[in-house]
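This document opens with one chain alone, in structure tokens, the form predicted on its own.
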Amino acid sequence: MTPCVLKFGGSSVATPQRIKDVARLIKDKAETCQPVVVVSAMGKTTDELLRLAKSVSPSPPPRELDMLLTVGERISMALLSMALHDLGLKAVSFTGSQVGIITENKFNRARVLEIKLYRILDALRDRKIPVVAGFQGVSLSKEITTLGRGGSDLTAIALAISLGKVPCEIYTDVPGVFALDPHDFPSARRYDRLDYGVLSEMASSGAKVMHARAVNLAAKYNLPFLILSSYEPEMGGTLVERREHLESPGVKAITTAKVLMLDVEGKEGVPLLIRMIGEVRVLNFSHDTTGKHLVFFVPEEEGDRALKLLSELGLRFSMRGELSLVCVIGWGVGTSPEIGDTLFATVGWEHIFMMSSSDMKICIVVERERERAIVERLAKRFNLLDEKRSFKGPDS
């Protein structure tokens, strides 16, 4: 049978019972393909490990942090392999380094250079199910590395490509991709099919349904993949693929992200921008015409890293929190006067701290307390709600 890559996120393997449920799902899939399984850490394990590290050291060395964080996925892979054995299936667990996921010499955000498939192919020939720890690899200098938060998606996509562009399914706690976060907006419109470009913009602007680098890698090699729910796989999901678009622009999604605004004084300009983007996840930036101020917008969880970098460089800066980045996304959105006029008429210029646009999105920064009302109004204006349906999460 043809191999297939099945990736299960943290919510899918959050408890022992969920791991048993996932094992049964894999057993069903094994009737039609040879599963190669990728798992994330259980539930909020990675967050708990980060808190543990910070309780010992306010600024953990990157190497030791990667050594610690990779523990979470190793727990998941071992437990899932045990659950598969109990169902009568032969399974074998592997860390990222054991299956030859080779990365660049960088900690915390390493890029995958190649995958040496020998052990996975040997397992498949022996009719075993490889269960691979996502999010991690080994560098050219033989150090354990991580791929960045959400990096298990990247592991799955890279494996599917390396195995010959085999079918790839990404299991989460929601049945596909929605125009808005369905946890906050249960009547958000769901898509049966979606283009790589739209999902990439969503992921890079705050949507947590998929890792942006994973989407971009799939687009590079034209690998279609399916996003669906491990709780209700029978509901189907969203097929992400390359789709042709006519000239008519249209809004497909609205994303939000909690951000910090960092206003940096000085004339470092481009060198600082390159350094910041290389070490911190920057959602947006702007500068004034004098070149004396550079303003960065970074996710709240990246705040400590950004502050550490700016402090090390000895730069003067101010910081503001309680802000939200709201992005309206879709083909031609940023070049459509009609969509821009509708957005600003709905929000009101007086409430906007910053605005930026590209061909596929318009982003604004607003006060956090206004986020919900703004998104609700924009969703109605751009017809992103489906009142005939209502998403019910796994805890409903």
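Quick caveat: nothing in here was measured; it's all calculated off a predicted structure. Quick note: we count residues from 1 along the sequence shown, nothing fancier.
A second form of this protein, the form predicted together with adenosine-5'-diphosphate, is not displayed here; the remarks below concern that form.
Annotated contact segment (heavy atom within 4.5 Å of adenosine-5'-diphosphate in the model of the complex): 170-178, selected among 170-178, 314-322, 124-132, 296-304. In the model of the complex, adenosine-5'-diphosphate sits beyond 4.5 Å of every heavy atom of Ala257. Taking non-hydrogen atoms only, His183 approaches adenosine-5'-diphosphate to within 4.5 angstroms in the model of the complex. Contact annotation for Arg74: none of its heavy atoms lies within 4.5 Å of adenosine-5'-diphosphate in the model of the complex. Among heavy atoms of Ala218, none comes within 4.5 Å of adenosine-5'-diphosphate in the model of the complex. With the partner omitted here, the residue from Ala158, Val251, Ile120, Ala207 that has a non-hydrogen atom within 4.5 angstroms of adenosine-5'-diphosphate in the model of the complex is Ala207. Taking a 4.5 Å heavy atom cutoff to adenosine-5'-diphosphate in the model of the complex, the contacting residues in 2-21 are Lys7, Gly9, Gly10, Ser11.
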